[in-house]
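Take a look at this single chain, the form predicted alone, given in structure tokens.
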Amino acid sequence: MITVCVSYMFNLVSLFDLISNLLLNVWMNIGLPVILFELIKKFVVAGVMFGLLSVTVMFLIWLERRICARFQSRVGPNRVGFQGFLQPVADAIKLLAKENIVPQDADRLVHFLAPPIVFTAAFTAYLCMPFGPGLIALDINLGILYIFSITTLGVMGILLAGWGSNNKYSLLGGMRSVAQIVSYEIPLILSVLGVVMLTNTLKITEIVDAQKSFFDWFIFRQPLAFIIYLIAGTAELNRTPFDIPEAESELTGGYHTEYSGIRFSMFFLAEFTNMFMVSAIATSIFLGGWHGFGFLPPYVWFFVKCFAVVFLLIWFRWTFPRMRFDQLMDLGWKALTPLAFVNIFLTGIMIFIK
């Protein structure tokens, strides 16, 4: 029995299925409907995912503050917990305790709806992200298309935040975000099309399965696409050097200037959730997903690669200065988009020759 339990601990999917089947048998013996059990099961999975994402986001906040402190020859948070590890918890408590202030002439309904829309768009994208063999909530054939579609809805929340705040700085930030995300969504999707052409599928698990060995990783076969993806993904996150919608030196705080307390924390949570999603997509599409070198469980390899990409994104933020808006648009339309089409053209030639 101990051996069986230990083996299940190293296979999270089997462990979850074992517990689920045991509870289902008890549920059916009581005489309750199975459909109600499945509904409760989905809510439990969603709650577990939310908890794991919250912990991951708090770790990313601590990691970024420590890394940027090293870059700037500072100490960083080191008083609350070991090496400041509990500082994000203290920040979360502070934000939850703060009052939610709404401007007097703001559109209260729009102002209230914006943060949940931004976070929901970021959270629901994880339904189609495979963290390991079988560790996926919704394995659909259009997984990549679903993720890009649902995350793009977050820009609607940012626009609503700018529009509903009755603040010119917020409105300018919201409009900038729409222009930026719509512009960089094109090279972002085009950069992934090369991999889709090579694998002939939009299903993320099948793309990962096509990268079983190290030299099959698509970063070696699509290096230009990987670079385009990283640049466009950074712009989609509204992070430096593409933090035009926030631009505290110009717009005070941009679209979230008039937000405080838990509503502001939802924007903050969505930003780091999206950053991990960009890293997870890069891991699944270009870096072999959960495939590693055998001495670690597959899901551990997945997170190791994700945090490597996260470190790269943090490195970008604390290295490059903010671009002007015209420079940002020129880079997206005049450089990244043509290069993405060139990559698709070269990929088509390579497939035709083979």
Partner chain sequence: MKEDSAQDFITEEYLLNMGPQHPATHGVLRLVLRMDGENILDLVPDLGYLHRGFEKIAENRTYKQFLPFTDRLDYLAGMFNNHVYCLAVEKLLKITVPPRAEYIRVLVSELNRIASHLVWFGPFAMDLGAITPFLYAFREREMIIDLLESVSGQRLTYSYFRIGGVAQDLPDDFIVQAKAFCEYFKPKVDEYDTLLSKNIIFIKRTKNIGVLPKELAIDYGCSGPVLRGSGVAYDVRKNEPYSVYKDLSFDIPVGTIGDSLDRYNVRIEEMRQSVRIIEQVLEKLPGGEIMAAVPKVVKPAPGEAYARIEAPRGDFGFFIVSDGSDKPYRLKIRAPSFSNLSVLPELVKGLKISDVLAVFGSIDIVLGDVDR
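Residue numbers count along the first chain shown, from 1. Given the structure is predicted, the values throughout are model-derived calculations rather than measurements.
Omitted here: the form predicted in complex with its partner chain. The next part is about that form.
**Student:** At the 4.5 Å heavy atom threshold, is S73 in contact with its partner chain in the model of the complex?
**Tutor:** Heavy-atom contact with its partner chain at 4.5 Å: present for S73.
**Student:** Taking heavy atoms and a 4.5 Å cut-off, does S260 contact its partner chain in the model of the complex?
**Tutor:** Answer no; every heavy atom of S260 is more than 4.5 Å from its partner chain in the model of the complex.
**Student:** According to a 4.5 angstroms non-hydrogen atom cut-off, is K42 in contact with its partner chain in the model of the complex?
**Tutor:** So K42 does not count as contacting its partner chain.
**Student:** Might T240 be said to contact its partner chain in the model of the complex, defining contact as any heavy atom within 4.5 Å?
**Tutor:** Answer yes; at least one heavy atom of T240 falls within 4.5 Å of its partner chain in the model of the complex.
**Student:** Which is the contacting stretch out of 244-252, 108-116, 154-162, 215-223, given heavy atoms within 4.5 Å of its partner chain in the model of the complex?
**Tutor:** Selected range: 244-252.
**Student:** Establish, in the model of the complex, whether I144, I147 and F302 all lie within 4.5 Å of its partner chain, using non-hydrogen atoms for the distance.
**Tutor:** No, none of the three is in contact.
**Student:** Among L172, I186, L95, L193, which has at least one heavy atom within 4.5 Å of its partner chain in the model of the complex?
**Tutor:** Answer to the contact question: L172.
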